[in-house]
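Just the one chain here, the form predicted alone, laid out as structure tokens.
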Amino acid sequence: MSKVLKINKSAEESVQELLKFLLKSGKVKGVFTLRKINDNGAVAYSLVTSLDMLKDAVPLFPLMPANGGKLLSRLTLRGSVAEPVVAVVRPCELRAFIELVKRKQGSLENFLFISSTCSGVYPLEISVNGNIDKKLSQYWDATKRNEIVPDTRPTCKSCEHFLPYTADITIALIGKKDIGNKCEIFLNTEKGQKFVDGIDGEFVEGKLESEEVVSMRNKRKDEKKKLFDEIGIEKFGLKGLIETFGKCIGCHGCSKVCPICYCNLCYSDSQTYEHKPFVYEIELKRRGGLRVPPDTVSYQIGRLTHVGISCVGCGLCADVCPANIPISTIFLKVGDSVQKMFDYLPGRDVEEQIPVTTFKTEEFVEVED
């Protein structure tokens, strides 16, 4: 059982009220959250220190313009934040940040993390086309009814890890029929309880792992199986990989948005990776024709081997792909398989070592001759 703060306002208003309280009371010096940045409804992650600017915050808006975990990594790459900051991020974004911290790409110090039982986000295309506001009522209605939200990212529909594992505070949304006028805020840690001390509201005991949550997890599992069956990655083989990844135009946009791709200079973007003229000549003599740019398949497979073990399934890679390659589904499938082999869930625990950084004298003995 956890301590629960109940506020008699909508979920969005309640979170705004909480953020305002934390900033106004001086318990935090900054707020990292989604915020409307113009009159056209565009949103972006922002670091806010002004109560006036906090009025435009939309912490539960169903859009991920960038992975918040990657942005928090950038903020703390050279050192931890000097003053307490509250960060409102989705479960997969928080897990991504934890993975980056494990790789010495950020610091958790001085952060208070708020997350939610997540119904997913819409693809960026919907926002760019200006249609997302029309879908908001559909989004919250499905969330209340404990249903998978239509038109959200495929990886969101099939995400089983929609409860945050390391958040100090969790906003209960899924299956809550009265989130339009009431909000349950779970205080998961002593830090979370300490920070909300003094806020107006009712404190009770509650359980986040509700029947609705269990039911939604089962629905997501079924959706994941359906998603994997549709792509049929087990039947890919070399031909399938070439046909799928052969559409890649070499823009490397997927790596730019991926929270696990953190290198300042990726080998695939370096001059070393570029083919010299004599390489083209050799290949042309051997094959008679050569696709330009070359090596798009090897690039995708290389990235898959690098990030698969820590893929959190945020779906941004497929979202930005101009060739409409189902990258996120492929990475989710391969990542899911590898993670199960090592009994490893990325971002579950900051103390849990990444399998590729550990050594065991005996491992996978069942596949030895």
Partner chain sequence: MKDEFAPKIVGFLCNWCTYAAADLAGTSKLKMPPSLAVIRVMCSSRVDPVLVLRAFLRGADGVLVAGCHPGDCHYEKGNYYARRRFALLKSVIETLGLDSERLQLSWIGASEGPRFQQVVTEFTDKIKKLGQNPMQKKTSL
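Residue numbers count along the first chain shown, from 1. Just so it is clear, the model here is predicted, and its values are computed rather than measured.
Unshown form predicted together with its partner chain; subsequent notes refer to it.
Colleague: Using a 4.5 Å heavy atom cut-off, indicate which stretch of 232 to 240, 90 to 98, 250 to 258, 144 to 152 touches its partner chain in the predicted bound form.
Modeller: The contacting stretch is 232 to 240.
Colleague: Check each of R286, K177, R74, K221 and return the one that places a heavy atom within 4.5 angstroms of its partner chain in the predicted bound form.
Modeller: It is R286 that has a heavy atom within 4.5 Å of the partner.
Colleague: Identify, from the list V214, C263, A82, V279, the residue with a heavy atom within 4.5 Å of its partner chain in the predicted bound form.
Modeller: Looking at the other structure, the residue within range turns out to be V279.
Colleague: Could you tell me if all three of K9, Q193 and D200 have a heavy atom no more than 4.5 Å from its partner chain in the predicted bound form?
Modeller: Spot residues vs its partner chain: no contact at all.
Colleague: Taking the shortest heavy atom distance, is I330 within 4.5 Å of its partner chain in the predicted bound form?
Modeller: Judged by the heavy-atom cut-off of 4.5 Å, I330 is in contact with its partner chain in the predicted bound form.
Colleague: In the predicted bound form, is there a heavy atom of its partner chain that lies within 4.5 Å of any heavy atom of S337, even though the partner is absent here?
Modeller: So S337 counts as contacting its partner chain.
Colleague: Consider R103 of the chain shown here, and say whether it contacts its partner chain in the predicted bound form, taking contact as heavy atoms within 4.5 Å.
Modeller: Residue-level check for R103: no, no contact with its partner chain.
Colleague: Within a 4.5 Å heavy atom cut-off, is H275 in contact with its partner chain in the predicted bound form?
Modeller: Answer yes; at least one heavy atom of H275 falls within 4.5 Å of its partner chain in the predicted bound form.
Colleague: Using the arrangement in the predicted bound form, list in sequence order the residues of 274 to 303 with any heavy atom within 4.5 angstroms of its partner chain.
Modeller: Heavy-atom contacts within 4.5 Å come from H275, V279, E283, R286, R287, G289, L290, R291, P294, D295, T296, V297, S298, I301, G302.
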